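Only one chain is shown below, in structure tokens, and it's the form predicted alone.
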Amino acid sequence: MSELGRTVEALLFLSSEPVSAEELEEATGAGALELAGALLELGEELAPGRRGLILREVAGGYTLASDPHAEDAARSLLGRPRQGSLTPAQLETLAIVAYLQPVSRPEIARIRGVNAESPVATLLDRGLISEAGRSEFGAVLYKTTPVFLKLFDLASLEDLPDPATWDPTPEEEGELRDRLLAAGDARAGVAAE
């Protein structure tokens, strides 16, 4: 394909609206005849059935569109509901799993100080955590998944921030100490039974 054809393709790719021939002439510095040749060449390259895109002339301009053969797959991909951001409870639960995995829901609940059923269920549904066997007491254990690593742009769990570098306020430190001590006491009580 000619350099002008590649340039026109790039311009059409970048534009969310159809681009008129006049706008393409102005952007490329090409004459009307030269541009017509580039559009013809691009149209042949992107003929239906040849590639994933086609060249269309609509609304007084040119645009790139997906090949009709990809319509069902495109509807499937783009029709999926978008997932919102994680709530503070879900993030807290995810952090506990990330740093203590494998960890059970009762342990998560003891550390958080509240029921962990809903955040765990959501994290499972979103593929951020998965089951990792059972504890000696029969509780399901959870671990993070590759989706978690991808979401937080981590190559591995070794890339998690070092908790030792966290500089909490005195109030945060006191609250965390109390929660960890309570969780430790509860865990020791379960282990002693």
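Residue positions are given as counts along the sequence shown, with the first one as 1. Since the model is a prediction, treat every value here as computed from it, not as a measurement.
One more form of this protein exists, namely the form predicted together with another copy of the chain; it is left out here, but the text below deals with it.
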- Query: Any chance residue 67 has a heavy atom within 4.5 Å of another copy of the chain in the predicted bound form?
  - Reply: yes
- Message: Is residue 40 part of the interface with another copy of the chain in the predicted bound form - any heavy atom within 4.5 Å?
- Response: no
- Message: Does any part of residue 27 reach within 4.5 Å of another copy of the chain in the predicted bound form? Heavy atoms only, please.
- Response: yes
- Task: Examine residue 34 and determine whether its closest non-hydrogen atom to another copy of the chain in the predicted bound form is within 4.5 angstroms.
- Result: no
- Near another copy of the chain in the predicted bound form, with a heavy atom at 4.5 Å or closer, the residues from 88-102 are 88, 89, 92
